[in-house]
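Heads up, the chain below is alone and in the form predicted on its own; it's given as structure tokens.
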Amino acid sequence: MQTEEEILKIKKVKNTAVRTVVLRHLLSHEKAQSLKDIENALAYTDRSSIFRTLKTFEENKVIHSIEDGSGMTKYAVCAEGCNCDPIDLHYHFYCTNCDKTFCLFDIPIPNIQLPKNFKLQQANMVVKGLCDNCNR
């Protein structure tokens, strides 16, 4: 697994203390994190700095955002080698019991044949049900 510093260097994002701590937090969690989750975990970090960091990460394809239907955007670190191109898009799983969202990196979104002159910029595929822990 790549370190925070390596990821930021590969994505050509300037390394700052806030960026390192936010990325470290995201890397340490199996599930996608909402802004609120990150703010609660990093209570001593300025809220606007966290938000700006997430936007910078998203613009530079360090992370991707997920609209899982919960009403809160969630964020997850992109897989190694991901450029957020259509070929990199994957499904997400939202647990309806615990509200956790997981990236299903091994299940790519199928290629969709769009009408002439249409361009795919983003796809959001969310499967809902019970996660392993809640299904026990």
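We call the rigid core the largest set of C-alpha positions that still match within 1.5 Å between the two forms. The first residue of the sequence shown is number 1, and the count goes up from there. If you're wondering where the values come from, they're calculated on a predicted model, not measured in any experiment.
We do not show the form predicted together with another copy of the chain, though everything after this point is about it.
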property: Stretch in contact, per heavy atom within 4.5 angstroms of another copy of the chain in the model of the complex, of 47-55, 75-83, 100-108, 34-42; result: 100-108
property: Residue 128: touches another copy of the chain in the model of the complex, heavy atom cutoff 4.5 angstroms; result: yes
property: Contact flag, residue 10 vs another copy of the chain in the model of the complex, heavy atom cut 4.5 Å; result: no
property: 4.5 Å heavy atom contact, residue 60 to another copy of the chain in the model of the complex; result: no
property: 4.5 angstroms heavy atom contact with another copy of the chain in the model of the complex for residue 20; result: no
property: Partner contacts for 90-105, taking another copy of the chain in the model of the complex and a 4.5 Å heavy atom cut-off; result: 91, 93, 96, 102, 104
property: Is_shifted residue 126 between the shown form and the other one (CA, 2 Å cut-off, rigid core); result: no
